[in-house]
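Shown next as structure tokens: one chain only, the form predicted on its own.
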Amino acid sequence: MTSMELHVEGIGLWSPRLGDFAALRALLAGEAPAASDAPIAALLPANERRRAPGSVRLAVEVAGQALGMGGYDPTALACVFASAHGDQSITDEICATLARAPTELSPTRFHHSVHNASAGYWTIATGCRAPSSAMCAGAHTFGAALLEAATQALAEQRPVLLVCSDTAGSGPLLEMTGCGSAFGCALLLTPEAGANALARLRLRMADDCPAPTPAPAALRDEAAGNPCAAALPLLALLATRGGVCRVGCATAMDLLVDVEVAD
């Protein structure tokens, strides 16, 4: 296929050590980043924020950061939400309840366990009536979601918000997934460069599939065990001087991403 060209106009990021994209830039520049607070998810109304699970607050937090950079109207902003595992803590709780006392299963907890919970909270909180979707592709979740969001942005000629996040596992699920730490990121992608353009991306498919580009050594702690941290090599290029990275998007297919950072 020919390459796809689009632009980044907003970036969100959260991990236990990095509270936003500015903290990532500081770390890669050799500076000590500011302390990272828990995800605030300020765009959620107070009542919804109190009852939202950690997976939703993480996704909404990074989505809000990217939206704040780009300055787009969220009511008309198409969005792609992606997660490899969904909310592992709630899934573990539901499984334990089913094993112990099935009739005590909480409808609210089930509501929070579904994979599109974050997209639902986001679209309701922002009044978004544009298309939204929820994706999962295991270890390739970020790459698959990036391909989906880029395709939508170019095919529909509209900005698309990409949000990719996973929280830490618990119980037997943690033993299976190995995802012991939360990580979330968001990219606001546009088909044309606007006034707030941060970088230009060129994406093309590759089926030779050597190992994906590893995260820089300074970011290995963020990358450990969390599938969505596959975004870190791309985020590191966006935070520095650009370059090329390889991101897995399927078992036998990679995305080659050429990043040109705006002056």
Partner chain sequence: MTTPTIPLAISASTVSSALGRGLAAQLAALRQGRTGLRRNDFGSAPQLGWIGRVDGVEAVALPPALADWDCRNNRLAWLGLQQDGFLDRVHDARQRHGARRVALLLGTSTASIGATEEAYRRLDAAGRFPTDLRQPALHAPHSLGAFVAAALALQGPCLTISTACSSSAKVFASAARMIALGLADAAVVGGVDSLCDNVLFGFNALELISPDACRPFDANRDGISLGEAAGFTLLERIDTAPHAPRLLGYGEASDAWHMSSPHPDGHGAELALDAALARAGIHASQVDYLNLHGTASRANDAMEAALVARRFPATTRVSSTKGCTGHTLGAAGIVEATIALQAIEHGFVPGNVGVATPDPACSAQFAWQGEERRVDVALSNSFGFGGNNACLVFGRAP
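Residue numbers count along the first chain shown, from 1. Here the structure is a predicted model, which is why all the values come from computation and not from measurement.
Not on display, but discussed next: the form predicted together with the partner chain.
Evaluate A22 for contact with the partner chain in the model of the complex, applying a 4.5 angstroms cut-off between non-hydrogen atoms, and reply yes or no.
No, no contact at 4.5 Å.
Taking 4.5 angstroms as the cut-off for heavy atoms, does M205 touch the partner chain in the model of the complex?
Yes, contact at 4.5 Å.
State yes or no: in the model of the complex, is some non-hydrogen atom of C249 no more than 4.5 angstroms from a non-hydrogen atom of the partner chain?
The answer is yes: C249 has a heavy atom within 4.5 Å of the partner chain.
Taking any heavy atom pair closer than or equal to 4.5 Å as contact, tell me whether A144 reaches the partner chain in the model of the complex.
Output for A144 is yes: heavy atoms within 4.5 Å of the partner chain.
When the partner chain is placed as it is in the model of the complex, are M4, P107 and G120 each within 4.5 Å of it, taking any non-hydrogen atom of the residue?
The answer is yes: all three residues contact the partner (heavy atom, 4.5 Å cut-off).
In the model of the complex, which residues of 48-74 put a heavy atom within 4.5 Å of the partner chain?
Contacts from 48-74: none.
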